[in-house]
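Only one chain is given next, in structure tokens, and it is the form predicted on its own.
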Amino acid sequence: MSDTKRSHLLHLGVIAVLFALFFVLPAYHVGNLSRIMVLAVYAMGFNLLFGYTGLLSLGHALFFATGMYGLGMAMNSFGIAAEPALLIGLICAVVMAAVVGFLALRTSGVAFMIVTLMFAQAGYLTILYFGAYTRGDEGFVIPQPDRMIAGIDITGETARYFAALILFAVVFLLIAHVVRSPFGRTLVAIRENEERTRMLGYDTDRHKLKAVILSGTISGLAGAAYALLFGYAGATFATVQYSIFPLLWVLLGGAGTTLGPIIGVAFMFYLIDLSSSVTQAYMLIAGVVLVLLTLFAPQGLAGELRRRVMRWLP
């Protein structure tokens, strides 16, 4: 069996397992998985830029929050229905990613990290400054009757889970296709040796800009979906913390792997959930486990799996 067919079967298998889990897991874990899948989409957007292109952004919360507030304010302030509001959130994320990418890519290395961080902080302060519209730190709730897609109420457990699954499946398969396409392979070449890639005739600047835009768009889509599915938009999601989270998820799961984001999000989510049920010092337990994983599985869980067993893993 070719590596491409193995990859297709693996990705379809992951989606099938998530579909089946809905029917066997208790309601508590079903609710957790809904959240995990949406956050995994956010991590996939980050992974495309960091894991495959080699660009470390510390400002991805800006894109997540842009999609979230684009949808949330369209619905709350202007009474727009969920479907067009979702499109508005997506367009806002595309525009924001294009602007940030165009400006931030004039730098590289540590400077790129700092510039993206400053953009994210500017976005967070903007949310606070226009608190009369955004409700600042308090945020705002999207009314339950408004959270309808194609006439389906997605506030219920079943509808929300399958909406999150559809979103995850589409982005998961899209990423799997992108990383195996000539564009994706060029991004990996840029990550490994940008100068040599440029000498081979590739426009590395254009490819990196496309990567930033696609990455920011996926992250913004996750933010818009999060607000719609869970009914809340708040400034917390624009803080540095939510720029660090996807980095941790991707490093834990395996940077530069398509499975890494979902594994990393699920692992960290349940690590904190389980340790917090044992002690109030749950962050200490989580920190120790993360350090041990970094020491003994430096390529992340999926990265180690690829290194040891499944070398064909994309």
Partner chain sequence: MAAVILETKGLTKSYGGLNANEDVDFELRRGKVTALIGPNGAGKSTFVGMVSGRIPATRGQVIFDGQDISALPAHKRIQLGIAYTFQITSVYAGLTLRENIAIAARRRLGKDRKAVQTKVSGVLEQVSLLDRADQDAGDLSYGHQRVLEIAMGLVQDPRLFILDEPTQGLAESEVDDFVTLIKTLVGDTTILLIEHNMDVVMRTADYIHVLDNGRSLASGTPEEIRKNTAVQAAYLGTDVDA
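Since this is a predicted model, take the numbers as computed values, not measurements. Residue numbers count along the first chain shown, from 1.
Not pictured, yet referred to below: the form predicted together with its partner chain.
Chemist: So if I measure heavy atom distances to its partner chain in the predicted bound form, which of the stretches 229-237, 134-142, 116-124, 177-185 falls within 4.5 Å?
Modeler: Only one stretch qualifies here: 177-185.
Chemist: Closest heavy atom of residue 202 to its partner chain in the predicted bound form, within 4.5 Å or not?
Modeler: Result yes; residue 202 sits at the interface with its partner chain in the predicted bound form.
Chemist: Just checking whether residue 210 would be counted as a contact of its partner chain in the predicted bound form - the rule being heavy atoms within 4.5 angstroms.
Modeler: No, residue 210 is distant from the partner.
Chemist: Can you tell me if residue 99 lies within 4.5 angstroms of its partner chain in the predicted bound form, counting non-hydrogen atoms only?
Modeler: Contact check for residue 99: no, nothing within 4.5 Å of its partner chain in the predicted bound form.
Chemist: With a 4.5 Å heavy atom cut-off, would you call residue 197 a contact of its partner chain in the predicted bound form?
Modeler: It does: once its partner chain is placed as it appears in the predicted bound form, residue 197 has a heavy atom within 4.5 Å of it.
Chemist: If you check 153, 83, 157, 192 against its partner chain in the predicted bound form, which one has a heavy atom within 4.5 Å?
Modeler: So the residue touching its partner chain in the predicted bound form, by this definition, is 192.
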